[in-house]
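Shown here is one chain on its own, the form predicted on its own, set out as structure tokens.
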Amino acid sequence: MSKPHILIQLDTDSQPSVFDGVVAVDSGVAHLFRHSGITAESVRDRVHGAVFTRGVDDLKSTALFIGGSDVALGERVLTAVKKSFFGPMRVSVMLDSNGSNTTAAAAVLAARKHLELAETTALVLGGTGPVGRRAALLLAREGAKVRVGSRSAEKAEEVCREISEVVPGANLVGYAAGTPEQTAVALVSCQLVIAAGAAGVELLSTQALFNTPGVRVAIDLNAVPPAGIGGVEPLDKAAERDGIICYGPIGVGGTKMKIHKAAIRRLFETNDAVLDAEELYELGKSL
């Protein structure tokens, strides 16, 4: 008889995310154990508590979910979790700090419906943030020419170098995009633009979007007014405006939620899955 499914929520914030807890329950988790204030240094004992309490054949019924608002800390926690496993003593784990992985995956999947990504030049605004980095990575994996836009050209180039280390042959260029004039230059000859910057900051104006020839798809991931891309509405889901297919944060959000729930269920199929941005993107392709 199989054991009931237990998801251990490892949150790096002082209080565990209510959002992640609700999604876990709605994904069919039987028992949800919620832990807060998780660090890379403190997580090992939680991992050992997960792997030493059930026989090897039953470990697939226990899984870990790493969340919280600090994406960089979540990445360090994931590294520490993997180091805590040994031999068959391991459980499946998913990283989705601040929803960055599932959001980036959903955004690129939306673009993929309308564009041949390997033939696309894409501008990712807010490209040095957690969602932007992952969107740029996934686009590079698909063979797109990726322009990483940031207020700091140096930070944008740093992200390009980091992605190039894991995606050999990737075509990435960093662009300064701190002013409307700089952003307009970065957008020239692009077919796709994704805005993944800080909440409540317009990164691309309506005029710049609709007056730049060749732009075919615009995806705004900012759910807090004003929009990250002017002229794109939050509920847009493949809405066409002046020849540009537009997606807003809620329009993308439906796919993000499908990926999140499917990923939680996938955790309990084996005891050795590691679901990061690329794995969640591949999962999203199958939905």
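Since we're looking at a predicted model, the values are computed, not measured. Each residue number is its position in the shown sequence, starting from 1.
One more form of this protein exists, namely the form predicted in complex with another copy of the chain; it is left out here, but the text below deals with it.
Interface residue among K237, R54, R241, K258, judged by heavy atoms within 4.5 Å of another copy of the chain in the predicted bound form: R54. Contact with another copy of the chain in the predicted bound form holds for none of R161, N171 and C190, as no heavy atom of theirs lies within 4.5 Å. Another copy of the chain in the predicted bound form is not approached by T270, whose heavy atoms all lie more than 4.5 angstroms from it. A residue is said to contact a partner when one of its heavy atoms sits within 4.5 Å of a partner heavy atom; E41 fails this definition for another copy of the chain in the predicted bound form, lying far away. Though the partner is left out of this view, G254 does not reach within 4.5 Å of another copy of the chain in the predicted bound form, counting heavy atoms only. Of the heavy atoms in V23, some are within 4.5 Å of another copy of the chain in the predicted bound form. The stretch among 228-236, 241-249, 43-51, 214-222 whose residues place heavy atoms within 4.5 Å of another copy of the chain in the predicted bound form is 43-51. Counting a residue when any of its non-hydrogen atoms is within 4.5 Å of another copy of the chain in the predicted bound form, the hits in 7-30 run I8, Q15, P16, V18, F19, G21, V22, V23, V25, D26, V29, A30.
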